[in-house]
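Presented as structure tokens, the chain that follows is alone, the form predicted on its own.
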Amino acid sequence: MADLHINLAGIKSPNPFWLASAPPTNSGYQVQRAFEAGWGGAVWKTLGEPILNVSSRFAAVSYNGQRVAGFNNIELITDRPLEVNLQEIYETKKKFPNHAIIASLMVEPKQEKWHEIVKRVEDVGVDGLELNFGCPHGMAERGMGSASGQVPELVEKQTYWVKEAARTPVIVKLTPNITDITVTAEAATRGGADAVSMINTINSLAGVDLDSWNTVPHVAGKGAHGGYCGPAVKPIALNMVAECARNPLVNVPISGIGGISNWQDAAEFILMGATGVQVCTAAMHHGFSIVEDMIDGLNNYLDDKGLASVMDLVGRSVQRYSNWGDLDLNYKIVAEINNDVCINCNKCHIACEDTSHQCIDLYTEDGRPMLKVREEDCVGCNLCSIVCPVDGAISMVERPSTIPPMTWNERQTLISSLSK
């Protein structure tokens, strides 16, 4: 059995699965239940100045029969007194000394405010701090959350202020509501961050009720944009983690967040550079017990790969992630259809004929409908294999190229040199 212990910038936990700062980590009761279920760490729901929340806070986007494909919320940071939270953090850490407790913090962008809350929170024994520069709603309208997180100078300055006072590792949580997340990740690193976490939620409106015309959710007939998370955001989050992991100026550990629902999702984030992961929506959908399958699945995967520790998996796929201009233009794959497995739904033919490259032919053999790919016209786009409902009916196979590998960047360099 592999060793699942992680060390993220000096924060140790028995496994890489943490609960993200969110409703599941709102109280000591919940965090203690989570630790009993097997979670390795928890980022406490964001602490700051007292706030008021509204009623009707959540909405979900379901798709094609899958409930909670995406999740939207307009809830703010904790509405419980700071003193109560601090007491519960202290009690929880005493009861679970080997689990990671990280305090998520959000205050006005003022040096004295950061110094004050850092000292108060560290006095109760947290293992680390996470600076919430990502919340896109409510708090952003007050100059905090993503309003700060979208300005690199503020990210760097506030991180520096926190590091002036902090004795524990500082994680900076970044907003995805920005053109290039590596810019703010670099700023956090310059400010002295010990790690970065990403992504926070994405600006969103879950929907509109077609009968009442109210937004979903709505508060007495009025709505506001919220934060979007859940399985639907995973590809966005995974790309942002990968971009930061391959950026030499972001030379700090990463805590991956965004749509992680099972051990496979977690393994992908770890392969793309995350030391550990944080989970919210999946726990809200299915409860804390989902971590059992996550732990077992990751353990078995590491054993199958011959890896002694989950830390040996961190970043193993980063070197395989590059820019489009560095991809081989002469690499060739084509679709192959196995007519013995095919159920003749013709989805592949329709998709190819209507929306791709018209390279799948329909024909009949001994009275049986058949499908065949014209390889000379196939560009290897993968669309037919994506829409096919039957495993093994369509395979994408590599074909040897008679042309040497060449990337777009190499091609342009060659053209430029020949034109001189």
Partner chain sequence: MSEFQQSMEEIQKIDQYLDKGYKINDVYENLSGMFVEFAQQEEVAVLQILTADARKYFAAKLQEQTSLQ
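Just so you know, these numbers come straight off a predicted model, no measurement behind them. Numbering follows the first chain given and starts at 1.
Missing here is the form predicted together with its partner chain; even so, the following discussion is about that form.
Contact annotation: of the candidates Asn330, Asn251, Ser322, Asn338, the single residue with a non-hydrogen atom within 4.5 angstroms of its partner chain in the predicted bound form is Asn330. For the options Asp377, Glu365, Glu36, Asp354, the residue carrying a heavy atom within 4.5 angstroms of its partner chain in the predicted bound form is Asp377.
For the candidate spot formed by Leu86, Lys93 and Pro97, no residue has a non-hydrogen atom within 4.5 angstroms of its partner chain in the predicted bound form. Among residues of the shown chain, Ile403 is one whose heavy atoms approach its partner chain to within 4.5 Å in the predicted bound form. Taking the partner from the other structure, its partner chain in the predicted bound form has a heavy atom within 4.5 Å of a heavy atom of Arg411. Although the partner is absent here, Met1 sits far enough away that none of its heavy atoms falls within 4.5 Å of its partner chain in the predicted bound form.
Checking 25-33, 39-47, 369-377, 383-391 against its partner chain in the predicted bound form, the stretch whose residues place heavy atoms within 4.5 Å of it is 369-377.
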